[in-house]
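Okay, so here's just one chain, in structure tokens, the form predicted on its own.
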Amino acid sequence: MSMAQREQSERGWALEPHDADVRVCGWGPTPEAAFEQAAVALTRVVTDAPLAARERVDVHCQAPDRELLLVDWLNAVIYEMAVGGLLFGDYSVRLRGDRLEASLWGEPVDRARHAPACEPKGATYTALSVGRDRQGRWTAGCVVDV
């Protein structure tokens, strides 16, 4: 996606190289949409393959501010990927104050079909941001250790 297309789209995600790691970024009309899109970007670090919504996992996080909540959220997704052997393609995030409730839909990893490129180790505080951009969209992003 070009920078012009990115600036015009209401909702989306991007991967930005950062040293040996990668920064995931999501944006949308609400903070919830930006968090969902950041998780989509996280999945794209692993695979470009289409993912079926065969299994649902619910996660809950709590943190004193939205930036820390984003790190907790992405680490919860990474945990569910690693422990459950799942890849997620759809996310639904609900924010209530300092709490996040989310549902993740995906399927078990199929190494032949998904061809996972790497395994994310954790979301970090590096290049961490949550806020509004010049277009008024919410953005959420941070570097993920891969």
Partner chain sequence: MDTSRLTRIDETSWQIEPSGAMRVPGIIYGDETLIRAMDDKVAEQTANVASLPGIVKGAYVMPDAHWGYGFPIGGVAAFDPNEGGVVSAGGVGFDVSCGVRTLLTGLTVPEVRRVQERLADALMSSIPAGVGSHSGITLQGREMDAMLRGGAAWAVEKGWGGAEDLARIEERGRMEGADPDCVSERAKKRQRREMGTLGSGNHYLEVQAVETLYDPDTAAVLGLAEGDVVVTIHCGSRGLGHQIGTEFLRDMLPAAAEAGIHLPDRELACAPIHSPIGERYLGAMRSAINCALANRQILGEFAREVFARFFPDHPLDLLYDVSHNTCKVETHTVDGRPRRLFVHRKGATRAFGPAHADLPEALRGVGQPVLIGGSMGTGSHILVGTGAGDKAFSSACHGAGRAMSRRAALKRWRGRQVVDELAERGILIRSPSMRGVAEEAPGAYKDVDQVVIAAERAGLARRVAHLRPLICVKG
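Given the structure is predicted, the values throughout are model-derived calculations rather than measurements. Positions refer to the first chain, counted from 1.
Here the subject shifts to the form predicted in complex with the partner chain, a form of this protein not shown in this document.
In the predicted complex, the partner chain sits within 4.5 Å of a heavy atom of residue 121. The partner chain in the predicted complex comes within 4.5 Å of a heavy atom belonging to residue 64. Within 4.5 Å of any heavy atom of the partner chain in the predicted complex lies no heavy atom of residue 102. With a 4.5 Å cutoff on heavy atoms, residue 111 counts as touching the partner chain in the predicted complex. Each of 18, 45 and 146 places at least one heavy atom within 4.5 Å of the partner chain in the predicted complex. Partner contacts here mean any heavy atom within 4.5 Å of the partner chain in the predicted complex, and among 50-58, 29-37, 75-83, 89-97 they occur only in 75-83.
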